[in-house]
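The chain below stands alone and is given in structure tokens; this is the form predicted alone.
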Amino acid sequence: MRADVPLPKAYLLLNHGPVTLVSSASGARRNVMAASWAMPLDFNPPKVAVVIDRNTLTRELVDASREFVLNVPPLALAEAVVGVGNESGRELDKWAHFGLGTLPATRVAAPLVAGCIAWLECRVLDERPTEQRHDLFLAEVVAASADDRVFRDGRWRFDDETLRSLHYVAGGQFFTTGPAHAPKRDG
């Protein structure tokens, strides 16, 4: 079940470096793309950074709407992640083609990707020179939620292998998150 995550704790959804799916919408148009270059930037208010190439439909929609959602997909969505990362939304409806469902967002117009394990609804900060020069978008997280089967009490619990987050390492290869380890502290 999807549960709200307190905004000052939203960074925990990304700080382990997962692949994200960036969903966007403007008017009747929507798109989804894969992005490995997304990261948390701040706690309160929570901020994120993501690279969105200027030649993509996602970029066009984010430029128009000034918002997006960072969705954290699990292993179960690996094929869809590869697909939406390699196809253009200008040429096909990636949602339909890859069988992705949607959930309504609470604070932005872009849809959430159903089947993901975390969602960060974001509004773009006014940093247009950085966007134009580096394709880097800085945004404030305005709502955050996670699947409480794997994220609760501020901690990830990846007991179910199919719900582990994906981590892209190039050449079409991914790793998944494994079990947690807590080293003992001296003192």
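The shown structure was predicted, so the numbers you read here are calculated from the model rather than taken from an experiment. Numbering starts at 1 and follows the sequence shown.
Here the subject shifts to the form predicted together with a further copy of the same chain, a form of this protein not shown in this document.
Candidate site formed by S36, E79 and G171: every one of these residues places a non-hydrogen atom within 4.5 angstroms of a further copy of the same chain in the predicted complex.
The closest heavy atom approach of V62 to a further copy of the same chain in the predicted complex falls outside 4.5 Å. When contacts are judged by a 4.5 Å heavy atom cut-off, L41 counts as touching a further copy of the same chain in the predicted complex. Mapping the unseen interface onto this chain, A25 falls outside it, with no heavy atom inside 4.5 Å of a further copy of the same chain in the predicted complex.
Using a 4.5 angstroms limit between non-hydrogen atoms, T56 is distant from a further copy of the same chain in the predicted complex. Proximity to a further copy of the same chain in the predicted complex, taken as heavy atoms within 4.5 Å, picks out 45-53 from the listed stretches 26-34, 63-71, 141-149, 45-53.
Along 126-145, residues E127, T130, R133, H134, L136, L138 each place a heavy atom within 4.5 Å of a further copy of the same chain in the predicted complex.
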